[in-house]
Structure formats: structure tokens, C-alpha cells
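To begin, one chain is listed below as C-alpha cells, in the form predicted on its own.
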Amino acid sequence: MKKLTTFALLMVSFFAAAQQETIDQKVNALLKKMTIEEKIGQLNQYTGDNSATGPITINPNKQAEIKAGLIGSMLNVVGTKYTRQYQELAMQSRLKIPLLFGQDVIHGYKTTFPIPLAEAASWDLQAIELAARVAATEASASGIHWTFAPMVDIGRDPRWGRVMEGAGEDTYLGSKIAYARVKGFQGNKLGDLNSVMACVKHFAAYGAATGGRDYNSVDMSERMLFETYLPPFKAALDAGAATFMNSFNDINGIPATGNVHLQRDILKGKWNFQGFVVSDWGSIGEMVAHGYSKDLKAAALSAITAGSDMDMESNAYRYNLAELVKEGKVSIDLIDDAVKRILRKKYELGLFENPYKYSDDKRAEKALNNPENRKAALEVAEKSIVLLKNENQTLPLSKSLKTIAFIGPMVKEYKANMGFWSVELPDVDYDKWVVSQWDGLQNKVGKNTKLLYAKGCEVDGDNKDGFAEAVATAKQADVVILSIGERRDMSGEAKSRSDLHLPGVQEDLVKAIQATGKPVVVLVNAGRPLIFNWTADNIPAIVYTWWLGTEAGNAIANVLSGDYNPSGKLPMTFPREVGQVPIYYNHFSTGRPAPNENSTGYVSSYIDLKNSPKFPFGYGLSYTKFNYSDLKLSSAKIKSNETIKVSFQLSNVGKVAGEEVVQLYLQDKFGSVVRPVLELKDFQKVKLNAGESKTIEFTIDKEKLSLYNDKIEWVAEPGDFEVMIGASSADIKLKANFELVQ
């Protein structure tokens, strides 16, 4: 049997290699037929006319250029009707090379899932992969070949609006999520009808933009780049990601779009990436504004030399590459390499065999109305909710409540629950498709409980005219639920904020409602960590709901009622004040660490604020309680080729079933370079019934003990380590020490 299995695997490898050889032969044969203009056309991407996600370049000759084979890809073309129409134009070109259709399918297509940062709060890799799988199924049925996701930028600064699009601040968690999302989008293999190409972005270090201001400069050491910001990109590549997108920022003085070190040396060199790289919207042309390139022609030269294969919406390649080749400034080999990478993906998708294979009306109708997709959206939304506070067992709501007041500007919103970067299809009535928080709770409480409503105030502005009605409504109720937060367009691209406090007079509304003496539950709807210190200190129950998508109202109602026990954990640190940011858990100790929260004097601390965050990375409560005990290590010393088994007992000592995200952190006590105070190195999400216990095991190996030294070498250095098991980065339950020896 073993010999038979080995033979079968060899045959699979043989046929896969033969197929790849066939594709490469086809690519090379086609390349020989192409003119220089047709080659450059494959490197050129335009937006459609449906909607734009950046500054549009007006082009009245778009259709004629498609017919002439001068466009290789389009984005923002939504639906089978329009993708087929554009593809029909491409089939009128001389060589009939099909178009690639890309779209920002960030957290769902028709069925909207929680924003990516919220999904990261689930710490549930299967759920995250499921969300991407459903999105791919719907998008691919609608004519889309390619999604501009996942965004895997590490985000340590909540002022940066695009933190909503990523997985948070931690490299290890972010890498695991990057891998899961690529697998979800691409499925079993490219070319399957339910698969779309993933595009890993933004390469690289975009999340470290100075001041948290979008598109801004980044300056960091090579070691920080390799240790903190690049690993999620490598994980996505290891998952088989088809494409990468470079970033808007300059890094260490060189725009990422024209950065040879990033794209040629690391991505296509050291990592041997075989897919293609697309620019971000207009980022090739923006190298002129950076002050890096003299003009669009110089920008085209820098970008193609650096390894940017496709130009999104700047027309730099379209009008300059042929002349640069003629002048001898760009080798035709560079052009051919970029074209081959793109054509190879078109062959892998099966577009040469059938250019319309993804534009099937009947399949789209079925996929976009599959009830199982809504079930998946509900499941992921429930897992993404984080319970931040629950004093006096305010939650779950008692089944005997007679009257509930549901107050706030978010209560009856529909489309707002979709969050930023949601796909808005022209033929969908989102007021009927999305479940509002009001509808979700109304469906949940039944006929014996009366539900009252008052808006109270708007999200922003200083108008308090609605306070009186809100207070009067609250006084009639047994409990008050307040739904507040950001507008959905306050977090996202170009949505940087210098002030992270709750907008407008919302916290004043919370104070007014709390003064009634009624039990209060606050729901915070947001795309990033916000600051709400008074609410956090004075309100007994707080639920961070993020933006949860199509099934938001039902998911929130299930958590409030106790039909779902919340299990989410924060993927980002929540600051006390903006002055702390960038703030993250795995910081260095410094030579003068503060011994406690209230330290002052000649130590690394503030004189007017605690160092600690308001809510730490990895934090989240449950309706039950978990006990950690009996930590054991298989050895107190290991060599670099050995492993340590870590085990402990996890017990549900509460009254209801629940899930706990157990987190393993390590501290390297000393090294050739300074090490963080602790680093997440593994985690498990464990479900236990009330009264149930389970032995949890982790394995520590050389990979988990390694670091980048000052020569950017990935090494495991001998020394002392501390292993920490916790419920969050600030709630360590168990500790033990071991030594790595030569």
C-alpha cells in the first residue's frame, strides 16, 4: 500500500509538471506572435465604469483599446453581463487574449462578512478561510477572476484607517490568517469555477505609515522589516498566492512601487515568487509626486526595473515602455518576463479555453442566493464579537425582561453594518438584504418583551436634541442597549483619524442614559480600536461589534440573548489615549523599564498616563469562566534540533459551554539583539462544556525560538526562555522556564 501511494504521488507530480510545461510552452508560443504594443497592453489595467476605488483616469478610447489588444486587465467591472461585454471586445483583438477582471472583494461579495479586523478577532482560522471561500464562490460566479485581497499589513497604529482591512498588530497571528485567507480565496486550485486569484497587499510595510496617515512615508530597519512586517507576506506566498500588490508608501526613501530590493531581491529573488505584481491604483505615476521620478516616463522605467508587472490606472506603461525599449533603457527581457507571468495566470484560470467561463448568469443566480452563505456569514459574525466588560452578569439578557430600550444612531441602520470595502451591487436592496440590529433583536426577544427605540443623536456633530427622548425611553425599560461608534466610512482607505475618541456627542449620550440608573449595555460599532474611557469605566457591559456584515443584527442578538457565548479576542491593542500610539504588546523592555503601571521618575513612562493599554492584545471575555492549571514541560533543556512539549489543563468552571482562545507566548531572556517582552508563538481555540476539562498541548521547536540577528540571519541562539500560557497578552496564567543549548 505504501509503494502504491508513493507511485500515485509521483504520477500526480508528473502530470502537474507536464501541465505546467504545456502552459509554459503555450505562453512562449503566444509571446512570439505578440508585437511590443500587444505585450505592453497585457501590463495595462483600467477601471470599468461601474464604480471607482481611486482617482479615475478618463479614457474615451477604452473600448477601442480593448479591441486592439492594448489592455490586459480591468477592475471594478461588476456582474456577468458587464464582464461578458468587455470580454467580447477582447475577443475581437488580433490574438484574442482574454481580459482579467479584478475586484476589491475584501470581506464578501453579495454576502458581506465581518470586516477583516473583526474576523481576526475570532482567532478562528477555519471560520476565516470559510468567509474567503464563500466570497470567492460568489465573486467567481459573477465574472470576477481576481480579488485584491488579502491585506496582510501589520497594523500597530489605530490612527491608520486601513487597520480595518488587516489582521491586526501581531506577526504570528497575521501570518496564520494570511495563509487561511489565500487558501479560502483560491480553493483547491486556480481554474476551478469557485476560485479567484488572491492578491497579497501591500508590499511592503504600508501599515507603519508615519503618524498613522495613509499613503505616508515609512522608515524602518531591515531587521524590523524581516522580523515583523514581511512574515505574513511569506505565509501568503507559501499558501500559493497568485499575485502581489505593491504599496503606496516610500520605504527608507524609495517608493515601494519602484523598490528593487523589495520586489526583485526579496519577492522574486529570495522567495522565488512566480506570480505577477500589480501596482496599487496609480502608484507608478505617483512616484513623480513622491519626488522620486522626474516624469511618468521615468516612473515607468523605475517600476518595470523594480519588478512591477502590471500598471493599475496610471498609463505609465501604456505610453512609455515601448519608447524606453527602443531607447535601450528597458530590456525587452523585462517586458517579456512580466507578460509571461500574466499570461501564465490567464492560462491557469482556463480563460484561453473559455473566456466566458466565469460569466454564467444561471450559476451567478444560484451562487448569490445560496442560503448556506448567510449561515456562514452568521457563524463568522458571531465568532468575531468581543465581550469587553460584563459586570454583575448584565449579559446575557434575562429571558424575563418585559421592556428593553434600544437606543443609538446605529440601531436601525442597514447598509452601515456592511462596513468599509463592501461590494455594493446595483440590483441589491440592502435595506432588505442586511439584518439591522433592531430587526435582529426584535426577532429574538419574542412577543412577551416590548422593544422601545430612540435614536438619541447622530454619529457625529454636536446636536443633543434627541437626548430627552432617549432618556425618557430609557426610563421606561428594564435594561438599555446603546449602539454607538463610527460611521462605516470613518475607517478604511484614506480614513486616517488623529482623534480616536467616540465621535460627536455619543459618549455624552452614554452618560445621560447611565444617569437614569438603568442597567446599560453598550455596543461599539467600529473598524478600528476606539477610545471610550468614561464608558469603559462606568458602564457594566460593553460589546465590541465592529462591522459584522449581512447577518450583523442576528449575530448581535444571539450574543446579547446568550444563544451564542462570545469568544472573540482583540487582535489589536486598545490605547487609553492617542498619545500612546503606536501601541502594541510585543514591545522592547528598554534599559529603564517601568516596574509597574504607576511608575514615574527616570524610567520609560508617561508622567500623565499609565503605560498599559485600556484593553490589551488577545483580550476578550466569555459568559463562562476558564481555569488554567498543571503546566508541564517535557524538558528543561533542549538542543536546536529538538522540541519541547508544553501541556496544561484547561477547565470550564462556569455554568455554560464556551470557547477559549488559549495563547502561548515566549520571551527570549537575552540575545544578540534585544527581544520583545513577550511574543505570541501559538494559540488554540478550545470548546468546553460546563464542568469539562481538557489537556492542551503545544510544541516549541527551533522555528519558534529563532530570531533575525543584526546580519538579518534567521537563527536560534542558545539561552534562557520563558514560556507563558495566557488568556491574553496581559493575563498570563502559567509560566515556566527552559534553556536552549548548543
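The shown structure was predicted, so the numbers you read here are calculated from the model rather than taken from an experiment. Start at 1 with the first residue shown and count on from there.
The discussion below concerns the form predicted in complex with a small molecule, not included here.
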In the predicted bound form, does each residue in the set 201, 281 and 493 place a non-hydrogen atom within 4.5 angstroms of the small molecule? yes
So the small molecule isn't shown here. In the predicted bound form, which residue out of 458, 336, 508, 104 has a non-hydrogen atom within 4.5 Å of it? 104
Among 312, 237, 500, 621, which has any heavy atom within 4.5 Å of the small molecule in the predicted bound form? 312
Given a 4.5 Å cut-off on heavy atoms, tell me which of 240 to 248, 293 to 301, 645 to 653, 433 to 441 is the interface stretch with the small molecule in the predicted bound form. 240 to 248
Though only this chain appears here, would residue 123 touch the small molecule in the predicted bound form if you measure heavy atom gaps against 4.5 Å? no
Taking heavy atoms and a 4.5 Å cut-off, does residue 148 contact the small molecule in the predicted bound form? yes
Answer for residue 162 alone: is it within 4.5 Å of the small molecule in the predicted bound form, judged on heavy atom distances? yes
Against the small molecule in the predicted bound form, would residue 75 count as a contact residue? Criterion: heavy atoms within 4.5 Å. yes
